[in-house]
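This document starts with one chain, in the form predicted on its own, laid out as structure tokens.
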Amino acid sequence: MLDLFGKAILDYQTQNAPESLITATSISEEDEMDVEYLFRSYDLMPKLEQKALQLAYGKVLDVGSGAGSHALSLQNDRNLAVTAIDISENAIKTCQLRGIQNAIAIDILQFNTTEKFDTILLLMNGTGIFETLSKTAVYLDKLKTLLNADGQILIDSSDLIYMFDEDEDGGAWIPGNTYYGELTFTVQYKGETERPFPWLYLDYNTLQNAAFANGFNCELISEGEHYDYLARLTLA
């Protein structure tokens, strides 16, 4: 694994000639992302992310922390105890360099701890780490083991139905063999290309159904301007 996201993040943090990331998915063209965006302060975050940070309380686990902007805001602005985890060692190095007190490079499925959390954050399309619809239950079961009985999971995603062409009746032409939010994601950075990896976008109804099936309540907290939303899961 090249960990190009992590390389770009660490390059930006250490001023090692960072360049933009080039991303593409199985249903979209290449897009350029300025790495600086991953270092945004609370004031520059989208409204849904700000709302999630406002709702966070207690002991927090930030899953897929990236450059650590959410964790840093909660730690420094809200004085909350935050654990940041990410599969990228370079991203976690960056979190540590930025002053996040507890940052661990690990896959959530391998994160074995007796510690329980009051708030678990999965932001910037938090459902992405679930990979595919069929694996969603595996991840929800894991998250359940990390959550205090009265805790909450705050997670965001988008309904990608808008990406598909409409037919004459206003319905969408979507692939029939898989769930339409299952994408493959490709990252390029400084001339290198990461092997494509699965990345899942869940519409709210599908997330709600998966939550119910796996022992959670699911509440729609807020909707964004472009088919995106923030949801809260609690133990049923």
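The numbering used is simple: start at 1 and walk along the sequence shown. Keep in mind that what you see is a predicted model, and the values were worked out from it rather than measured.
There is another form of the same protein, the form predicted together with a small molecule; it is not shown, and what comes next is about it.
Student: In the model of the complex, which of the stretches 112-120, 73-81, 143-151, 86-94 has residues with heavy atoms within 4.5 Å of the small molecule?
Tutor: Answer to the contact question: 86-94.
Student: So in the model of the complex, does residue 106 come within 4.5 Å of the small molecule, heavy atom to heavy atom?
Tutor: Answer yes; at least one heavy atom of residue 106 falls within 4.5 Å of the small molecule in the model of the complex.
Student: Does the small molecule get within 4.5 angstroms of any non-hydrogen atom of residue 40 in the model of the complex?
Tutor: Contact check for residue 40: yes, within 4.5 Å of the small molecule in the model of the complex.
Student: Just to confirm, residue 133 within 4.5 Å of the small molecule in the model of the complex by heavy atoms?
Tutor: No, residue 133 is distant from the partner.
Student: With the cut-off set at 4.5 Å between non-hydrogen atoms, does residue 124 touch the small molecule in the model of the complex?
Tutor: Yes.
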